[in-house]
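First, one chain by itself in structure tokens, the form predicted alone.
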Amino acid sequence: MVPVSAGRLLVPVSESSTLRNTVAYAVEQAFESAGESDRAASIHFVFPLSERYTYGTEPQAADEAQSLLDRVAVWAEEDLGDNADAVEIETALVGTEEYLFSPGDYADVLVRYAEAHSLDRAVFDPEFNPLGTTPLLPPLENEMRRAGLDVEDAPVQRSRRSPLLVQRGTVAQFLALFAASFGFYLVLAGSLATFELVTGAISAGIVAVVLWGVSLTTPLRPGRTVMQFLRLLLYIPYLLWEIAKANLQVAYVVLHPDLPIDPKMVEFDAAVWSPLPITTLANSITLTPGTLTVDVSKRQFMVHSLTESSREGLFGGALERAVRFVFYGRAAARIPSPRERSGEEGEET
């Protein structure tokens, strides 16, 4: 068996609630061992996708799998931050030319990939299950161990099937909620008088105590939050500029004697993956004259567009890239636009 190297990891992925934390764990393991091995540290995120999902009945499966891999790569580079050069990040679809059915089939594909890329340790998301139905992980891990790979489950907490309304918060979350409430109170008061400061602190304290276990229950990372806020400050003037340009375009159309409008409903899948970025993108589209977000289902946007130029802007993905920059950093800008991902200008209805 090849000597174990914690810095060269195989991480099979599938959509799950614990995938984000699994990525963070793998990055941490690879980075910690980056200086302890003669070989470069690297993480290979792979999505096992059976041929039956890439032919005929489910043609979108490969696109969805690639979108997940793009998302995982962004997460990994975000976790590495300024240390991005220390660990190589690779992504790949595997098994697309084979009919994968049993745990042995999946293990065979993963082991061949690991051997081809000199990977000797596999880290699994505890909720990894590309089949989506029958549990696959325990027998799959046994098959891979028999093939000589070092295998482990990422030590991440699984989500509850029925999550509690009230959860335990941290001191950092309490302080963040207190600061946000206090700042909001002072903005509404419009004064920094002693009375306002005292009553604001009391009100913010009450809000933080009452809502501590309800809001801000996800792990708070101050450094990442500060960077997102700074990037948001850059995004606001960019959005205002886009709104101003769109206003001029709509004004031209309205004032033109021929009224050259071409209203259509279009659909596209946006490469943003959590509620706040999705909401930000949907509202940004609506705020930009000429486009109106009608419905959002997961990542699928349905937008009413007034003119062909407004649709060009949507499929060009400028706003989408800007929103990804705010929430995921510069690495996310490399993800293709909606037009590039679909190979066409979305679906018109």
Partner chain sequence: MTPTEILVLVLAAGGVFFSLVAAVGLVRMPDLYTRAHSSSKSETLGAVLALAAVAIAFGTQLSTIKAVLLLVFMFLTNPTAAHAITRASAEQGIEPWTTEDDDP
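In this text, rigid core is short for the largest set of C-alphas that superpose within 1.5 Å between two forms. Residue numbers count along the first chain shown, from 1. Keep in mind the model is a prediction, meaning the values are calculated, not measured.
The same protein also exists as the form predicted together with its partner chain; that form is not shown, yet it is the one meant from here on.
Note on the partner interface in the predicted complex: the residue among 291, 67, 50, 29 having a heavy atom within 4.5 angstroms of its partner chain is 291. Residue-level contacts in the predicted complex: of 255, 202, 179, 230, one residue has a heavy atom within 4.5 Å of its partner chain, and it is 255. Note on the interface: of 118-126, 146-154, 246-254, 73-81, the segment with non-hydrogen atoms within 4.5 angstroms of its partner chain in the predicted complex is 246-254. Though the partner is left out of this view, residue 184 does reach within 4.5 Å of its partner chain in the predicted complex, counting heavy atoms only. Its partner chain is not shown here, and in the predicted complex it never comes within 4.5 Å of any heavy atom of residue 318. Among residues of the shown chain, residue 262 is one whose heavy atoms approach its partner chain to within 4.5 Å in the predicted complex. Within this chain, residue 42 is remote from the site of its partner chain in the predicted complex, having no heavy atom within 4.5 Å. Counting a residue when any of its non-hydrogen atoms is within 4.5 Å of its partner chain in the predicted complex, the hits in 178-199 run 184, 187, 188, 189, 190. After superposition on the rigid core, the Cα of residue 283 moves by 2 Å or more between this form and the one not shown. Core-superposed comparison between this form and the one not shown: CA of residue 308 displaced by 2 Å or more. Taking the rigid core as fixed, one finds a CA shift for residue 116 smaller than 2 Å between this form and the one not shown.
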